[in-house]
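Next up: a single chain in structure tokens, the form predicted alone.
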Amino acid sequence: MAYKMEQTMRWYGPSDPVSLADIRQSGATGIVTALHHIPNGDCWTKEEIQLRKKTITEAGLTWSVVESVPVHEHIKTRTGNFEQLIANYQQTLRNLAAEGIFTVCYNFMPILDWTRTDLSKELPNGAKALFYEKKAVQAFDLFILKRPAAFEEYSQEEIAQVKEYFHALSPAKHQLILDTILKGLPGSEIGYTLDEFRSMLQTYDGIDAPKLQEHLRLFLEAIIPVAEEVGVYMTIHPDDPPFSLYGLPRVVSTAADARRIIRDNPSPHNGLCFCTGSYGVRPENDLPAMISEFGNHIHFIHLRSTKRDAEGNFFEDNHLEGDVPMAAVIEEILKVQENRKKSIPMRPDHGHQMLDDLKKQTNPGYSAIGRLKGLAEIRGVEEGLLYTWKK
């Protein structure tokens, strides 16, 4: 028997402009969602979980994956009431398992979740994509945020180039950079003012990459035994983008990071969310090889492709284009599933805003038609590979 990936779509709850009915028409059978209305750190009650699950089930779909149960900043810094927050997280896992939801995605990115600088970069064909511009991030760091250490971290040549770029910005582009970086993107839950962000940065004084790695290890040391007890599979999403921003450490960016996470807390319930777009931004990450190596710990998959350039910029490309060898990735996933005798939930990620969706207000990266196009392409590659296997 050949095991196909479980096709899912992310849904941001009742206020999402892409409805459950829309998702069902795409052919996906699973929903990836979270209780976004519950403040970070609070326990998710059984009643709230039941209500959301009932909504999804009545639409003819299954709540397949939680994305995400956010990790509170106090847990990442191990300050304040972090022990109570960990206890809340543990109880949330128990409550999710009691309702038959066993796959939980999370991330360990400090302060900011996923980051882009333009949410509607127009492509040559008129569709719009998410875009990360390195100079825009550097300009924010040096001349908007005015982080003192930034002037020591960048070379004098970089500072001069970024200064020229910054002074050439139009007022509209200046505001776009400020808003896009600080306000938070879908799923990040929290946005900041500039002063709030400066204050948050101070909470990471003295926390470098080794210390944040240790905090992640200690978090998992507390969480994984509960996950094992109730049958939940934890899946950590890689950093997006997979490198340091604003002097903040990022510790889930490479194959070596994934190896360390699994080694430090060796349990089948300590797993990875394999996001090809995030890992794919770093050219040294060999995605098919990573899937082969970590396959037994991959419990959730995000399939998307990014296209990077020599200057450090990248944009969300078509799912079968860009720098991600998507056919080779899917082939390795199919091998892992065959070896494990199970399907892994997958969602097409970050589709283009295109066609009729250009006239609509949608969550950046999460319009219906772009993701439907991505899902159709992924489905086609999977079917083609399975057909060749049969022959």
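When you see a residue number, it is the position in the sequence shown, counting from 1. Being a predicted model, the structure only gives us computed values, none of them experimental.
Just so it is clear, the following notes concern the form predicted in complex with a small molecule, a form of the same protein that is not shown.
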Review point. Taking 4.5 angstroms as the cut-off for heavy atoms, does Leu272 touch the small molecule in the model of the complex?
Key: no
Review point. Is the gap between Thr92 and the small molecule in the model of the complex 4.5 Å or less for some heavy atom pair?
Key: no
Check your understanding: Is there a heavy atom of Asp118 lying 4.5 Å or less from a heavy atom of the small molecule in the model of the complex?
Key -> no
Check your understanding: Can any non-hydrogen atom of Pro186 be found within 4.5 angstroms of the small molecule in the model of the complex?
Key -> yes
Review point. Picking from 100-108, 244-252, 153-161, 137-145, which part of the chain touches the small molecule in the model of the complex when contact means heavy atoms within 4.5 Å?
Key: 100-108
Check your understanding: Among Glu293, Glu133, Asp113, Glu73, which has at least one heavy atom within 4.5 Å of the small molecule in the model of the complex?
Key -> Asp113
